[in-house]
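Next up is one chain by itself, shown in structure tokens, the form predicted on its own.
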């Protein structure tokens, strides 16, 4: 069975790539190992956090995490592992957590975050997709005086930031208690409902005659000379002119292409629930010192947290769920979580927050699009646009300014 462009992986990056490519005459096919209804993109907090918010790899992260560990509130767990790649990743992460790297990353995040926000706005207004898109900011809530004071110094531009005391914070987040220090509203950011986005995109793509193949995991890439000639699943084989790998944290196919990459699966958790109306958050918020996000949705609220490295099990660990609830309860009023839906999944995390993006160095018709960690939702439209231009304009990586800027292939 032959296709024009075969996208392997039906997460948000795969769907957004198809969104741009389906406007061309090419026949687009998406193949996924499941039915795209419960992947990592569905467990995302839905924050669009490209502006003024530090990435994971930043100078203060190591010390801040150690302090939280001493208090028993750390979101990070590193499991002992025999995988040398994990320790290599950790070493690279430490080296990248510096001011020079941070400055570059923040600039890139704003560049590609703006592109993504503009496209989400377009999709909402022009394509009539309803995915609860809001560009009303992100509230950074602080529980440590030192970190709050440090951030306040950097946030004096009132067009971008609003500094709030405890009572002012409660107007946006009625559920917080008096143990918080204060908050800062990052006005340029926003949020959406990831599940609604995925369903709306899927329906849009079906209307555009994009083909979906469900419940088939691609097991093997077949190479000939400098090209991928076909892929094999447990059921069928598929040929295509161009293959796009957007398989998230699953690196099996990348390893077959012998691509040089440094990425690790990072396990995270989310809880989605109903809560009493008068305490519901009025906008998305991040408890900055706890690494806990809390996002309002149409009828529910979602909290996400935890960063487990070295784990390979997708089992939901009760201890981790209890830890999230405990840490959040320290700084919120008592409220009941009703009809809780628990989720865990793996995010593809690079040590410098840069995605693995662009044509493979060995195989001329193989494109990589992964490695965005929990920022897949934030940058998905920009990534889809970059891949679309790369393929349809027949560019090499070195001739794409976006690949040179944003892909891990060209990072030092």
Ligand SMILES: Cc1cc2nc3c(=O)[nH]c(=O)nc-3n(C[C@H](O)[C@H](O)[C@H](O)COP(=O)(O)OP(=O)(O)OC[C@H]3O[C@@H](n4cnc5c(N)ncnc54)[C@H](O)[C@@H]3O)c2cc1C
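From a predicted model like this one, the values you see are computed outputs, not experimental measurements. Residue numbers count along the first chain shown, from 1.
Below: the form predicted in complex with this ligand, not depicted.
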Name the stretch, out of 241 to 249, 171 to 179, 311 to 319, 156 to 164, where some heavy atom lies within 4.5 Å of this ligand in the predicted complex.
241 to 249
Would all three of 10, 13 and 269 be in contact with this ligand in the predicted complex, where contact means some heavy atom lies within 4.5 Å?
yes
With the partner left out of view, is residue 218 within 4.5 angstroms of this ligand in the predicted complex by any non-hydrogen atom?
yes
Does residue 327 reach this ligand in the predicted complex, with heavy atoms at most 4.5 Å apart?
no
Answer with yes or no whether residue 366 is in contact with this ligand in the predicted complex, where contact means some heavy atom within 4.5 Å.
no
Might residue 45 be said to contact this ligand in the predicted complex, defining contact as any heavy atom within 4.5 Å?
yes
Work out which of 351, 348, 358, 381 lies within 4.5 Å of this ligand in the predicted complex, going by heavy atoms.
348
Contacts with this ligand in the predicted complex, stretch 355 to 394 (heavy atom within 4.5 Å):
370, 372, 373, 374, 375, 376, 377, 378
